[in-house]
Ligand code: URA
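Below, in structure tokens: the form predicted alone, a single chain.
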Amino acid sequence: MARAAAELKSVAEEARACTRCPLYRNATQTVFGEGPVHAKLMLVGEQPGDQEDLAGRPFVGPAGKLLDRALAEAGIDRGKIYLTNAVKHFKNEPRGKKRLHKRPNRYETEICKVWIDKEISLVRPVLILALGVTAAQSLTGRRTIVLSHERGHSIALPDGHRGMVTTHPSAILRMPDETARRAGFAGLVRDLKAAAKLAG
């Protein structure tokens, strides 16, 4: 385990200097995954947001705070899971003083897959939960993911790992009204509980 932890730290250092795609140009830094080696459950999001880009840590902004609430409600200790993103740099479009989030394209997720593949091979989770369509596409290699059909079910990933798909916390934040947000949050909690049960 100590060897895998050292290797993961080395890969994180390597990723900090990544210029494999143009996204590093508008980002502050690489945001690598965090969590214990050999965590049974790995959560994979789309990419770091503005606050994650500044802090250098995954899921610390508004979506991260919502995820923390969902994890607590699902009875999952954040310190015992591995959290990362399919893309390690914040893709954004500067607009005045703000940086607006832009969804990574297929080329960017494929180029960045080298890092998540290394994380998976070293952490060796029992289950990988994709948060949102972009993460699910990256992990499965499929162009089409219909979240409403696939969420909450165990799926086999190409590398042999077991996966699941749920909504991204940021999608819940963007829902139009409080009723929809409450339902979205309840669905995320339900999927997190199912994932934790499958991970053991």
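For every residue, the number given is its place in the sequence shown, counted from 1. Please read all numbers here as calculations on a predicted model, not as lab measurements.
The protein also exists as the form predicted together with uracil; that form is not presented, and the subsequent description refers to it.
Checklist entry - According to a 4.5 angstroms non-hydrogen atom cut-off, is residue 63 in contact with uracil in the predicted complex? => result Contact check for residue 63: yes, within 4.5 Å of uracil in the predicted complex.
Check your understanding: With the partner left out of view, is residue 35 within 4.5 angstroms of uracil in the predicted complex by any non-hydrogen atom?
Key -> Residue-level check for residue 35: no, no contact with uracil.
Discussion item. Check residue 49 for me: does it contact uracil in the predicted complex (non-hydrogen atoms, 4.5 angstroms)?
Written reply: Although uracil is absent here, residue 49 would touch it in the predicted complex, with heavy atoms inside 4.5 Å.
Item to complete: Decide whether residue 163 counts as a contact residue for uracil in the predicted complex under a heavy atom distance cut-off of 4.5 Å.
Response: Heavy-atom contact with uracil at 4.5 Å: absent for residue 163.
Checklist entry - Using a 4.5 Å heavy atom cut-off, which stretch among 136-144, 152-160, 53-61, 22-30 contacts uracil in the predicted complex? => result The contacting stretch is 53-61.
| message | Do any residues of 138-169 have a non-hydrogen atom within 4.5 angstroms of uracil in the predicted complex? If so, which ones, in sequence order? | response | Just 168.
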